[in-house]
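One chain comes next, on its own, written out as structure tokens in the form predicted alone.
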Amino acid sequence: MTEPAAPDLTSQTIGVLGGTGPQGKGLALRWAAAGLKVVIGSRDAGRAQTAADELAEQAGSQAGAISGADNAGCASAADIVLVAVPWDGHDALLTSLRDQLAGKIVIDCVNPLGFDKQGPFPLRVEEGSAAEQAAALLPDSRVTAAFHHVSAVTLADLSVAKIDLDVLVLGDDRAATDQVRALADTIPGVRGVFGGRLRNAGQVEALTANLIAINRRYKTHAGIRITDLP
């Protein structure tokens, strides 16, 4: 089966809610370094702009335009919005941004995890997963799930020229998942792979607990690769 041509992302603005945290900031850096237009979102617009300025300097002269805004401003300005916020604030933030996110592709990369003396473990989510909760809260958005298993440490280190990783992209809207796969492909070494319908996001989010355990045991930044794909 021949895949269609990759969507053009050069005219799109990528918003990152939680863009001052390690995961969001790392992905924003990589997208900016790929020449994309990025808006960092935070509760504090000043903090977001400070992060944007730092990323612009780190990404260098080839960086796309990077700016900062409060969360509502970020959601309003972006065409595609990554949600990279702590789980305990997930529902409240998305509820508050329902109007700004209407009609847009929303990428949920939140992993609902708990931690105790035995290590990380997945939390039970009433809707089935963080992504399904997002879909329930954002009925007018095109919700996908992706970027759960990317090391923030590796993303932040541009001396790592290629990241050996597949990003599983889940969703019920084929055009939206194709856009998100293309966004993953802009990071050198990364490949976006369709991983099923949104109802399957729970086990993908939960797998993060296993990867954290692997990283702790072997002192690495493990990701995943899917075998036997062209």
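As the structure is a computational prediction, the values presented were derived from the model and not from experiment. Heads up: residue numbers just count along the shown sequence, starting at 1.
One more form of this protein exists, namely the form predicted in complex with a small molecule; it is left out here, but the text below deals with it.
Trainee: Would you say all of 20, 87 and 111 touch the small molecule in the predicted bound form, counting a heavy atom within 4.5 Å as a touch?
Mentor: Result yes, every residue of the spot touches the small molecule.
Trainee: Here the chain is shown alone; which of 137, 80, 125, 150 has a heavy atom within 4.5 Å of the small molecule in the predicted bound form?
Mentor: Checking each option against the small molecule in the predicted bound form, the one that comes within 4.5 Å is 150.
Trainee: Taking heavy atoms and a 4.5 Å cut-off, does residue 199 contact the small molecule in the predicted bound form?
Mentor: Outside the cut-off, so no.
Trainee: Would residue 179 count as a contact of the small molecule in the predicted bound form, using a 4.5 angstroms cut-off between non-hydrogen atoms?
Mentor: Because no heavy atom of residue 179 falls inside 4.5 Å of the small molecule in the predicted bound form, the answer is no.
Trainee: Give a yes/no on whether residue 47 approaches the small molecule to within 4.5 Å in the predicted bound form, heavy atoms considered.
Mentor: Flag for residue 47 set to yes.
Trainee: Is residue 43 near the small molecule? Define near as a heavy atom within 4.5 Å, in the predicted bound form.
Mentor: Judged by the heavy-atom cut-off of 4.5 Å, residue 43 is in contact with the small molecule in the predicted bound form.
Trainee: Which of these stretches, 22 to 30, 182 to 190, 52 to 60, 159 to 167, has heavy atoms within 4.5 Å of the small molecule in the predicted bound form?
Mentor: Heavy atoms within 4.5 Å of the small molecule in the predicted bound form occur in 22 to 30.
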